[in-house]
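Take a look at this single chain in structure tokens; it is the form predicted alone.
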């Protein structure tokens, strides 16, 4: 992009939790996503947000210390002791907060990635994760990397430890496609977390752990039958399903169309279903959408392969 227009980056939406992988698994999709433009400005120091687009209710803060995009970028500047020209930031929101698609995470990743690129990459991509995690923390107070990690790295990602910012891409077979349906109701992450019981019965913990391990093993072996048997959430999904209209009806339709798994995307209300190929995904998307049409629930449908690139310059 021409220098006078600044440096523009795109950070994709993500599906977090991935059924039995609560707070530790996530994958990126092609769209929607957020864009951030940065350029040098010698009239101030540090980072300043000069414009936010796509926020009609004007709920997103301009203060550097309160917006996920600027927080992550400023942390990078602080880490390297940067004292050069100021950096102006322009945020283009392409998805609402409270969708379950990693809106705050996308902004956090876009912000720090753009600043890093503008400064000629003082950090490699993987090392930006710690800044992005802390940036997203501003949004809901929780430390979790299952949105920011796939947004940054692309692909399907396992987060071993969010506090240590350790995450790893895992092998997935070619051709996987996701259907993501966003019903137009808002579920904020902090509210969705508030309904969860802090205790888990031992029997459920064992079953959930086995499902998570088997799901990762199934992906790595290209054993989609094992993946399909394992992508079941017996702990979080039952507690959150009531927050989402028609959840079990949509899930049933996805399962009838041979979904590998279907559950809540992030904190909801978006619902995702994963399929072995685009043909199955396209057929299922129509019928899953029909559930909401028949219930007169406004919704958006996103059909996407797993995004293997993550955040990028556009």
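Residue numbers count along the first chain shown, from 1. Keep in mind that this is a model prediction, so the values were computed, not measured.
There is another form of the same protein, the form predicted in complex with another copy of the chain; it is not shown, and what comes next is about it.
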property	result
Selected contact from 75, 235, 176, 119, since only one has a non-hydrogen atom within 4.5 angstroms of another copy of the chain in the predicted bound form	235
Of 130, 94, 169, 137, the one that lies within 4.5 Å of another copy of the chain in the predicted bound form (heavy atoms)	169
In the predicted bound form, segment of 205-213, 75-83, 178-186, 111-119 with a heavy atom within 4.5 Å of another copy of the chain	205-213
Contact of residue 159 with another copy of the chain in the predicted bound form (heavy atom, 4.5 Å)	yes
Exercise: residue 306 in contact with another copy of the chain in the predicted bound form, heavy atom 4.5 Å	no
Interface membership of residue 243, another copy of the chain in the predicted bound form, 4.5 Å heavy atom rule	no
Residue contact check: residue 22 to another copy of the chain in the predicted bound form, 4.5 Å heavy atom	yes
Residues in 103-123 with any heavy atom within 4.5 Å of another copy of the chain in the predicted bound form	none
